[in-house]
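In the form predicted on its own, a lone chain appears below as C-alpha cells.
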C-alpha cells in the first residue's frame, strides 16, 4: 500500500497556484505592456536613430552623426522654444503647487456644503483643454471680457474709490469709538463692517446725486494680449504676454487635479499633531508651515514631478491658439518637434527627433535633480 506524503504535494500545489497568479497578472498587463513597447520603447528607439540621420520623411535615412543636434542648437526657434518651455514649466509648476496646496487646506475643513464646493472646484479638470483654451481666447482677445472689465474699472473708478475710502474711514472711526468705551472691537468686525458699508453707500449716492462723484467717460481699453509683447528683465525677453495667458489658463485647469493629491495627503496627517500645535498656541499659518507642509513632502514631490513633466510637454494650448499669436511668443519644445515633423514639403524629421531627445533628457534631468536633492526620505 502506497502512502502519500501530504508535505511533498504542498510545494507543488503552491508553485502551481503561483504560476496561475503570474499568468493571470500578465494577461491583464499585456495590453498595457504591448502598447508601451510599441508606442514608447520602439518609438523612442526610432527617434534616437533618426536624430543621427538625414531623414526627411521621403528619403532613405543615412547616418550623419551629431549634425542634427548642431543644427537644432543653432536654430533660433529651438532656443526660443527651450526658453519658453523652461519659463513655462518653472512658473506654472510653482503656481499650481502653491494654489493646489492652499485649496486642499481650504477644502479639508468640515463646513456645510463641502461636498458641493469640492465638486464645483473640480469641474475645470474634466472640461476639455481645447474648450478651456477657446474660452480663454475669448476672455483675452482684443474685444474680450478682460479689456471690457478694465474699461468698466476706469469708468467707475471715482465711485469705487470713494466708496472704499468712506468705508475704511467709517470703520476705523467705529472701532476707535468702541475701544474708547472699553468694548472689544476688531478691525474686521462684521457687524461694524455692515454699518460702515451702509453709511458708505449712502454717502456715495448723495455725492453722485449732487454731481460731485460720477461715472467717467473713457475710451474702450484696447490691450492686445496675443501680440508680440514681452516682460523683459535687463533688456532680455523673459516671458511673453501670450505665454502668461497660457500660464494662467494651465494653472486654472490643473490645480483641481493636483488638489486631490494634497487633499488625500492631508487626511492622512494625524490630528494629534494639530492638537499639539493648538496647545502650543500656534497660529493657522504656523500650523501650515510647521505641520502641514513638512508632512506633505512626499505628496509635494509627486505633484512637482507630475507638474514639471506635464508643463515641459505642453502642446495643445499652443496648437489651438496657433497663428492667433506670433510664433516666438508661444512656441514650446513639444510644438517645435511637431512643426518640424509635419512641415510642408521635406520635413526635417532628424532635427525634430534631436529636439525630442533633448526634451526627454531635460525632463529626466529635472526629475533626477529633484529626487536627488529635494525629495523627502519617506518618499523613496
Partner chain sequence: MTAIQTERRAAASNHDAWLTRRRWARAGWLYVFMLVMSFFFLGPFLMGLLSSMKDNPNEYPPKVIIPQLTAQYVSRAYNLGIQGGNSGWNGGLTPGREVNFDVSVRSPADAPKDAPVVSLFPYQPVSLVAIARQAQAKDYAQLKTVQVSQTGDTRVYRTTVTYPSLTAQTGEVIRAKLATPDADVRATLPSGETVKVTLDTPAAQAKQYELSESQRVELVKAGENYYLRGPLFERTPMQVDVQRGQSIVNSTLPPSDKQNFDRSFAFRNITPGILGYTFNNYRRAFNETMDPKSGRSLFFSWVLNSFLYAFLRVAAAVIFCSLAGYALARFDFPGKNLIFLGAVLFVQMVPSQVNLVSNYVLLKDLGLLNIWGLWFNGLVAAGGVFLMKQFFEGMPKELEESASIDGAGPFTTFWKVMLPQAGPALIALAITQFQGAWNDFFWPLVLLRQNTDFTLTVGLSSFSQLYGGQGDYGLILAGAILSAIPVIIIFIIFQRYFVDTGSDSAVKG
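Numbering follows the first chain given and starts at 1. These figures come from a predicted structure and were not determined experimentally.
The same protein has a further form, the form predicted in complex with the partner chain, not shown here; the description that follows concerns it.
S.K.: Among the candidate stretches 179-187, 232-240, 269-277, 76-84, which one is within 4.5 Å of the partner chain in the model of the complex when only heavy atoms are counted?
M.R.: This holds for exactly one stretch, 179-187.
S.K.: Give a yes/no on whether residue 329 approaches the partner chain to within 4.5 Å in the model of the complex, heavy atoms considered.
M.R.: Flag for residue 329 set to no.
S.K.: Does the partner chain get within 4.5 angstroms of any non-hydrogen atom of residue 143 in the model of the complex?
M.R.: Yes.
S.K.: Could you tell me if residue 53 has a non-hydrogen atom within 4.5 Å of the partner chain in the model of the complex?
M.R.: Contact with the partner chain, no.
S.K.: Indicate whether the partner chain has at least one heavy atom within 4.5 Å of a heavy atom of residue 158 in the model of the complex.
M.R.: Looking in the model of the complex, residue contacts with the partner chain do not include residue 158, since no heavy atom lies within 4.5 Å.
S.K.: Should the three residues 94, 225 and 344 be counted as contacting the partner chain in the model of the complex, with contact defined as a heavy atom within 4.5 Å for each?
M.R.: No, none of the three is in contact.
S.K.: Using the arrangement in the model of the complex, list in sequence order the residues of 258-285 with any heavy atom within 4.5 angstroms of the partner chain.
M.R.: If the 4.5 Å heavy-atom criterion is applied to the partner chain in the model of the complex, 258-285 yields 260, 261, 264, 265.
S.K.: In the model of the complex, do the Cα atoms of residue 32 and residue 256 sit closer or farther apart than here, given a shift of 3 Å or more?
M.R.: Farther apart, by at least 3 Å.
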